[in-house]
Ligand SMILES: Nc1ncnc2c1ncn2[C@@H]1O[C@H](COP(=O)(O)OP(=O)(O)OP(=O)(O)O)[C@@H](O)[C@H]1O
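The chain below stands alone and is given as structure tokens, in the form predicted alone.
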Amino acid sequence: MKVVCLGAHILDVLGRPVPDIPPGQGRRTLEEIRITAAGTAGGTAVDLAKLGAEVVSIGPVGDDATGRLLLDLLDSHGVDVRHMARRPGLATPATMLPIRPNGERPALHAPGSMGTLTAADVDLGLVADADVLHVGGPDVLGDFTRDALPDILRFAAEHGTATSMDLLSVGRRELADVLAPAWEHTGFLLPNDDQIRAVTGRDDLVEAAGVARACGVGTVVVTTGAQGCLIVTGDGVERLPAFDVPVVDTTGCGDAFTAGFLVGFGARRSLPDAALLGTAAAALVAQGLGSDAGIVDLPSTLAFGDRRSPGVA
């Protein structure tokens, strides 16, 4: 399975547990600090590679030490980084995440070069050759999302490449108008519940998914945290529960779900079975620190899911 991950690639620095920020010059000793490749394109790329996909990443990075480290981390997991867009003189997108004892993850983010991607950075030959084009974080890519992304997604669809999309920010109501031209050529939209509500202005998740589907999205899969996920298609609505696991850090759970779902889709599983593989991947990530925690490979992820839902994975 060949996947192009286009969009937000971020270097995450995470520490846990952080019950509060010490006042003044105070100091707190943590159990763990990690640095990971993350973002709704970068984190998904790493998880896809771990699950056996052949992955190419395309996204903007600076020429700083942060960028070199991010590229090295992606490469160490087998992600092809030769097509990343280097931006001389600009900073690489990075985030500090003080993880609370209950797994919540407030974020301190510096976008750096995030909004500098252009159509010229995207090799359409790679898109045509891929099984899936996954767009991560179109809500933070600036003018690229309006000016270039709809044509790239249309090109992918015309060349038989499946398309998927996930969001990065919590979202804002005016984003629906910005994203609508891209949604027309999006096969799978995989936001979380807060994101789809904020973007569509609808509290009911089925109604919110319906707004995206009315714009052309084929299938909307909404992740709902501990409640699992919601699959909305033209044939109806299906709900899948989450696995009951001890939560260390929820960073990257959405990226892991997307990676598992896409691998399931690539293996021609039904949508519920693909979502179950995504749920297993997300549950593994939730038990460790960082967006790449827990997932080792596809066989162990399948075995993990099978122990919790026998006969499905």
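These numbers come from a predicted model, not from an experiment. Residue numbers here begin at 1 and follow the sequence given.
The next section is about a form of this same protein that is not shown, the form predicted together with this ligand.
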Heavy atom within 4.5 Å of this ligand in the predicted bound form: which of L48, A41, A37, C253 fits that? Just give me the one. C253
Which listed residue (A85, A91, A242, L126) meets the criterion of a heavy atom within 4.5 Å of this ligand in the predicted bound form? A242
Is I99 close to this ligand in the predicted bound form, meaning a heavy atom pair under 4.5 Å apart or at it? no
Spell out, yes or no, whether the shortest heavy atom distance between S164 and this ligand in the predicted bound form is within 4.5 Å. no
Exercise: V247 in contact with this ligand in the predicted bound form, heavy atom 4.5 Å: yes
Using 4.5 Å between non-hydrogen atoms, is T116 touching this ligand in the predicted bound form? no
This ligand in the predicted bound form: contacting segment from 253-261, 48-56, 66-74, 26-34, heavy atom within 4.5 Å: 253-261
Taking only heavy atoms into account, state which residues of 200-237 are within 4.5 Å of this ligand in the predicted bound form, ordered by sequence. T223, T224, G225, A226, G228, C229
